[in-house]
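What follows is a single chain, given as structure tokens, in the form predicted on its own.
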Amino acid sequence: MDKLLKDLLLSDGISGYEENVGKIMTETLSKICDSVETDGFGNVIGKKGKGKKKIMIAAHMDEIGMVVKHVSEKGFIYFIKIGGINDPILMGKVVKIINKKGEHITGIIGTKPPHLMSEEERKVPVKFDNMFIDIGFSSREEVLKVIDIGDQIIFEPNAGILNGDFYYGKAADNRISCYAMAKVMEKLPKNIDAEIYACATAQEEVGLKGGKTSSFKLNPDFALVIDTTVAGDMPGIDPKTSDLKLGKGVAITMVEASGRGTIVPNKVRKIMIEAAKENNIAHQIDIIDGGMTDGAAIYINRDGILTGILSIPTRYIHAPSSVFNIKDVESAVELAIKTIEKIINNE
């Protein structure tokens, strides 16, 4: 596995706590861009090239997770969720609480065992506010010596190759797209005839916030968002709901959240599909009922910004580990470059 990809997957950075991911992106973009800055909101923005057109690429840095809310007298830690997490996946998971020193404190998410539940309790799914984290201490005083209220909590970091081109990792949503964006910037020529901005955005998972602030600042002629999307090639998903498959190419997203998110303009759809077909790039078409990307905030900013979306099919999004195919990441990089070239040459 590429070192940059692995570092991004293993790094910590829930929404609002993206500093460590930002450091990786700053270091990476500094080697391939003309300039790099971190804006007031925490977005990392690298710039490359000169020209009349201004093109923005966006990939969000943040991951879902939790934040310490309360510590009981017996040393059990209660938390709130940050981003969309399905409560049942939390029980028994290993987590890391990251304190102010940057230390990773290991904890286990616990709840009342089914053996001690009443018959009525067993019929109802356990909610997160009835769960707690056990770090092996016996009192509130002991716990508060190593963590503070407000510390971020992430799932246990993991990353690797599952089999062949199938990879796995924590925070694949959306670190694999941050990786893809960096590769796009690396491959674009230094003398490209446009201003190209790579924006690693903050707080996408809690309201598409960084995409909104960075696009307002840059006011680009065109924005290209790279994100993940739900793969449908697993048990329990009807092809009518999602027919996207791992290894079959990047998805060109046309409609998000049944139109509540981005509805990609016909002009942009045509450019992206032509770019894929003309260059024999493996691709799929994504029409999604739920979920949206930074594109939904970018394309309605100012007086409207032409925006396209490339989505990398991923299994088990918003879980402690996700599975993706590295070939789809590569096709996202290739199609992003060819789309940008067409935008530059399209008068």
Partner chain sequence: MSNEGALSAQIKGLLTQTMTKNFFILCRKILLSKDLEIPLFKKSGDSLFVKRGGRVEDSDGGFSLRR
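Positions refer to the first chain, counted from 1. In this text the structure is predicted, and so the values were computed from the model without any measurement.
Only in words, not in the display: the form predicted together with its partner chain, which the text now covers.
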inquiry  = Whether 206, 291 and 318 jointly form a contact site for its partner chain in the predicted bound form is the question; each needs a heavy atom within 4.5 Å.
reply    = yes
query = What stretch, of 148 to 156, 116 to 124, 94 to 102, 224 to 232, brings heavy atoms to within 4.5 Å of its partner chain in the predicted bound form?
reply = 224 to 232
query = Of the options 84, 164, 88, 136, which one has a non-hydrogen atom that comes within 4.5 Å of its partner chain in the predicted bound form?
reply = 84
note = in the predicted bound form, the residue from 263, 108, 192, 257 with a non-hydrogen atom within 4.5 Å of its partner chain is 257
task = Using a 4.5 Å heavy atom cut-off, state whether residue 212 contacts its partner chain in the predicted bound form.
result = yes
